[in-house]
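Starting off, we have a lone chain in the form predicted on its own, written out as structure tokens.
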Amino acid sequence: MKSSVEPLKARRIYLLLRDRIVAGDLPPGGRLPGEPALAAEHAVSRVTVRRALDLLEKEGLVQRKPGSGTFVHDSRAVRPIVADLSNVLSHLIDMGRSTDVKLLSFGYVAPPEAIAESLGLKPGERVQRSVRVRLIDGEPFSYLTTHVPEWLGLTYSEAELAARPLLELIERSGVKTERATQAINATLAGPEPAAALDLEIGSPLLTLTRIVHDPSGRGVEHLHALYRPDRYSFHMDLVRIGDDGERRWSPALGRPRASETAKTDKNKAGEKPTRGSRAIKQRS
């Protein structure tokens, strides 16, 4: 029984310490309490504490220095990408130009029924299916599964998809993308996404399903994306609209933004972007 309980206790301590680090209660560069102190505080063994610290170190939140202790990494140096929900399509092409991608699979298959329906495909129509991992500064932050109608997928090669943003390739073919519908939820990492995103199986992920349409309403891309929540976040500017008594929040569509940055904090004048803080410029 003890062997099955200890990992659960270790994960609980890991989550407690992680929350304190993310919230800033444990400041960047600060030293965590020693293993004996943490073991006494949480009424567990030092082995359990060590397992919790191993998880924090694997996630890059702490650095363990033999003889000195465990220290919190400077969280300002690991900045999640911020996605602008009010300018979805522009941001997607921009992000493709500013990040790196690893193509895991590429092929032509019969689509699942739900995807065929969402793209408005005829019976028997195939799709080009690809799985990619997107990285910033060498660190994976998204696991992308896309389905594109076969006639459109044939306009680009596997090598091109590995090197260029998919929406850019779609628009190169002469197809105009006009609108997209999307849903955002939370999920847990399965074996393949967990391995690709350098996470444990069962880790929490943000999930986004997006369907892109051309001006006629025809579906040209189905995207299912999984994001590491510590490296990616969604952003939307809102404005108050309506008459008195019926005022409400509405997306601030069309408002120009200077850049998409890897964190909401702006770099100070004269400072160079640090690891993971590279700006992702908006191009109209």
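Note that the structure is predicted; figures quoted are calculated from it, not measured. When you see a residue number, it is the position in the sequence shown, counting from 1. Take the two forms, superpose them, and find the largest set of C-alpha atoms that agree within 1.5 Å; that set is the rigid core.
If you look for the form predicted in complex with the DNA, you will not find it shown, but the lines that follow are about it.
*Asks:* So, 8, 46 and 68: all three within 4.5 Å of the DNA in the predicted complex by heavy atoms, or not?
*Replies:* Looking in the predicted complex, the three residues 8, 46 and 68 all sit within 4.5 Å of the DNA (heavy atoms).
*Asks:* Quick check on this chain: which one of 235, 64, 224, 218 has a heavy atom within 4.5 Å of the DNA in the predicted complex?
*Replies:* After the contact test, the surviving option is 64.
*Asks:* Among 34, 251, 60, 28, which has at least one heavy atom within 4.5 Å of the DNA in the predicted complex?
*Replies:* Of 34, 251, 60, 28, the residue with a heavy atom within 4.5 Å of the DNA in the predicted complex is 34.
*Asks:* Core-aligned, is the CA shift for residue 36 between this form and the one not shown 2 angstroms or more?
*Replies:* Comparing the forms between this form and the one not shown, which are aligned on their rigid core, residue 36 does shift its C-alpha by 2 Å or more.
*Asks:* Residue 49: after superposing the rigid core, is there a C-alpha shift of 2 Å or more between this form and the one not shown?
*Replies:* Indeed, residue 49 is displaced by 2 Å or more.
*Asks:* Please check if residue 62 moves between this form and the one not shown, taking a CA shift of 2 Å or more relative to the superposed core as movement.
*Replies:* Moves: yes, 2 Å or greater.
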